[in-house]
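A single chain, nothing else alongside it, follows as structure tokens in the form predicted alone.
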Amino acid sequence: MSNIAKGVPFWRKEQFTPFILLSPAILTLMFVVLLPLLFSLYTSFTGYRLIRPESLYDWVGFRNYERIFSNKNFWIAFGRTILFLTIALNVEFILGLGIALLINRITWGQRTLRTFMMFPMMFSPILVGYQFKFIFNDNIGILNNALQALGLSDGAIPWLVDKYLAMFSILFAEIWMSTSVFAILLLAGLFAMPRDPLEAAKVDGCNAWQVFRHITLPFIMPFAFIAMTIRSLDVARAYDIVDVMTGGGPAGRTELLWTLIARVGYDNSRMGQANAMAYVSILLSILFTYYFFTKLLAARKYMGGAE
């Protein structure tokens, strides 16, 4: 039997079966994810320009990183991205929590409402960007026409041209599209909540706010931190909506990290410097993910879960 086993090819041996079955997925990840990541990391240390293919071999070390750390426009976009991320996550959490609490109290038509609640997240960011670009258009936009028809505005409001209103418009579109992520996860937390602590609190004379503050909210916070982790990765990479609605304008006032990276890499053809910016932005995403993950563990520990 041992001689027969020795003559069997290794790919037919039982211990290699899991690796053979996983090999298509592993090879796909290598070619689609790992190799582009390694290539972009290499180019971040070169003076690679799209219009000069030979510059791919122009090794410059940390010069690209030194330039972006001394670049005022990069740090402005970096700070604006953090502000955008903070506002979007907090507003989405508050609105999602409110929607989840309302739907949880409804006894008739709840499934239908849950289905409608998922519609915004089904649209692609590009489609949402074009949709709200039309809504906020200065001349033919639905919003301006409605405000003027109701007598609430005397003229067209430059939603996508004014430096403050443009950022508000982008935030509004982002929040409209993604609030349902928070609502769905928080609603799942409400469904999973045991009823015994709620009934015991009511017996002890706690009012609705005390029950929510000390029982409901701590229980659903792990679900909230999961949603924040997912959304922090999405918002930190926000590009589609910003590019479609404002293109980073007016005068760069709505430019975030990824629109700046795209402009440097494709419009200015400085791909090496753009990849260096991309790796710095990846660190930002990792920091936010780590922060929310630690908050998730703390919330689970507070509720008596596994550490």
Partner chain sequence: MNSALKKRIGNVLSWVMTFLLMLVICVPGLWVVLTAFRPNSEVLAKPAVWIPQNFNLNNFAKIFGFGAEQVAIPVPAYFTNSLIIALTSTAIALLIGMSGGYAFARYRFRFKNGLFLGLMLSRTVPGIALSLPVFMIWSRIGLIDAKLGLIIVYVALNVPFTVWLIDGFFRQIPKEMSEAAQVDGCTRWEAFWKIEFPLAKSGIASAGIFAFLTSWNEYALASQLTRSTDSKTLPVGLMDFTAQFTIDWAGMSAMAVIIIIPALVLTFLVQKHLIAGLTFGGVKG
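Residue numbers count along the first chain shown, from 1. Because the structure is a prediction, the values reported are computed rather than measured. What we label the rigid core is the largest C-alpha set whose atoms superpose within 1.5 Å from one form to the other.
Not on display, but discussed next: the form predicted together with its partner chain.
Its partner chain in the predicted complex comes within 4.5 Å of a heavy atom belonging to Pro120. Within 4.5 Å of some heavy atom of its partner chain in the predicted complex lies at least one heavy atom of Ala278.
Shown alone here, Phe212 lies farther than 4.5 Å from its partner chain in the predicted complex, counting heavy atoms only. Interface residue remark: Ala262 is counted as part of the site for its partner chain in the predicted complex, having a heavy atom within 4.5 Å.
Proximity to its partner chain in the predicted complex, defined as a heavy atom within 4.5 Å, holds among Ile226, Leu171, Leu89, Ile157 only for Ile226. Residues of just one listed stretch (163-171, 185-193, 77-85, 199-207) have heavy atoms within 4.5 Å of its partner chain in the predicted complex: 185-193.
Interface residues of 95-129, taken as those with a heavy atom within 4.5 Å of its partner chain in the predicted complex (partner not displayed): Ile99, Leu102, Arg105, Ile106, Trp108, Leu113, Arg114, Thr115, Phe116, Met117, Met118, Phe119, Pro120, Met121, Met122, Phe123, Ser124, Pro125, Ile126, Leu127, in sequence order.
The Cα position of Ile51 differs by less than 2 Å between this form and the one not shown after fitting on the rigid core.
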